[in-house]
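Only one chain comes next, encoded as structure tokens, the form predicted alone.
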Amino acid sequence: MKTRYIRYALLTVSLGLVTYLALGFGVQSFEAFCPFGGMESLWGLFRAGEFSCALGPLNLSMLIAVLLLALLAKKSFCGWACPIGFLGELCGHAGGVVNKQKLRPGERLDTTLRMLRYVVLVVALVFTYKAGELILRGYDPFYLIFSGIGHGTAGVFSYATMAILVIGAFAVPMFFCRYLCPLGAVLDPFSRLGVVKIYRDESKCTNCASCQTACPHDIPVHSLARVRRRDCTNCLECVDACPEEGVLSIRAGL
């Protein structure tokens, strides 16, 4: 739990800073700090040498920084800095209070649904590149939440999108991050190569599966010698949940 306190403190600061910008304070717009905006800007930079719509150099810098971080420490950005991931995690905890038995899709269904984020990635980039505008703002939870479903959203469709995402977040832990986040799809291959990861001492492990139960992404840590899964955010929930001392540790290695 001590690790969670530190992680939640950092996530609260991140959420607070984005909210501060969204309220109109500060020099930059909150959109400037979206790493996925860096992906959306690439085609405009390649074709015309300029950023599309509200995107700018900071979006590209954020993307590069997050990709480098993924190579170093997997999806640590998602677990330690992303405000949308933080809100999704809080909704999951709230849903667990109401319903003690978390909804966990079967492995085959879960694997299939995780492929949806690649579909979202392709659709988002194709529409943005063709139009030269961020026309999918109305379905982006980052923009919807921090703009207050404001300018550029899609009216009733935006409200329906938010309703689905909120219900999903309460029902399935990390619903958006697991199945729909296009930035997560971008980070996947880099995360698999991440140097800093969780290791398990098989000689001490009792296979109690407390680690998998605690994992927001339902990773079966108790069956892995090292966690190379693309969805691992190095949140250390599994380490904190392990009842046996020294079984799980985080360290650098290939």
Partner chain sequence: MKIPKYFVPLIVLIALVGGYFLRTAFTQPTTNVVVGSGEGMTLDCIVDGVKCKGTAEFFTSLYKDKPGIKRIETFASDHRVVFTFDPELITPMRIRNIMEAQIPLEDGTTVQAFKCVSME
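The shown structure was predicted, so the numbers you read here are calculated from the model rather than taken from an experiment. Numbering follows the first chain given and starts at 1.
Below, we turn to the form predicted together with the partner chain, even though it does not appear here.
Peer 1: At the 4.5 Å heavy atom threshold, is Phe146 in contact with the partner chain in the model of the complex?
Peer 2: Result no; Phe146 lies far from the partner chain in the model of the complex.
Peer 1: Tell me, yes or no, whether Ser76 is in contact with the partner chain in the model of the complex, where a contact means a heavy atom of each within 4.5 Å.
Peer 2: Yes, Ser76 sits close enough to the partner chain in the model of the complex that at least one of its heavy atoms falls within 4.5 Å.
Peer 1: Considering non-hydrogen atoms and a 4.5 Å limit, does the partner chain approach Gly96 in the model of the complex?
Peer 2: The answer is no: Gly96 has no heavy atom within 4.5 Å of the partner chain.
Peer 1: Taking the partner chain as it sits in the model of the complex, is Gly194 in contact with it (heavy atom to heavy atom, 4.5 Å or less)?
Peer 2: Although the partner chain is absent here, Gly194 would stay clear of it in the model of the complex, with no heavy atoms inside 4.5 Å.
Peer 1: Decide if the three candidate residues Ile6, Phe33 and Pro57 all line the partner chain in the model of the complex, where lining means a heavy atom within 4.5 Å.
Peer 2: Every residue of the candidate spot has a heavy atom within 4.5 Å of the partner chain in the model of the complex.
Peer 1: Counting only non-hydrogen atoms, choose the one of 208-216, 23-31, 222-230, 184-192 that falls within 4.5 Å of the partner chain in the model of the complex.
Peer 2: That would be stretch 23-31.
Peer 1: Which one of Cys91, Ala81, Leu125, Ile84 is close to the partner chain in the model of the complex, taking close to mean a heavy atom within 4.5 Å?
Peer 2: Here the answer is residue option Ala81.
Peer 1: So which residues in 224-254, when you check the partner chain in the model of the complex, have a heavy atom no farther than 4.5 Å from it?
Peer 2: Heavy-atom contacts within 4.5 Å come from Asn234, Leu236, Val239, Asp240, Ser249, Ile250, Arg251, Ala252.
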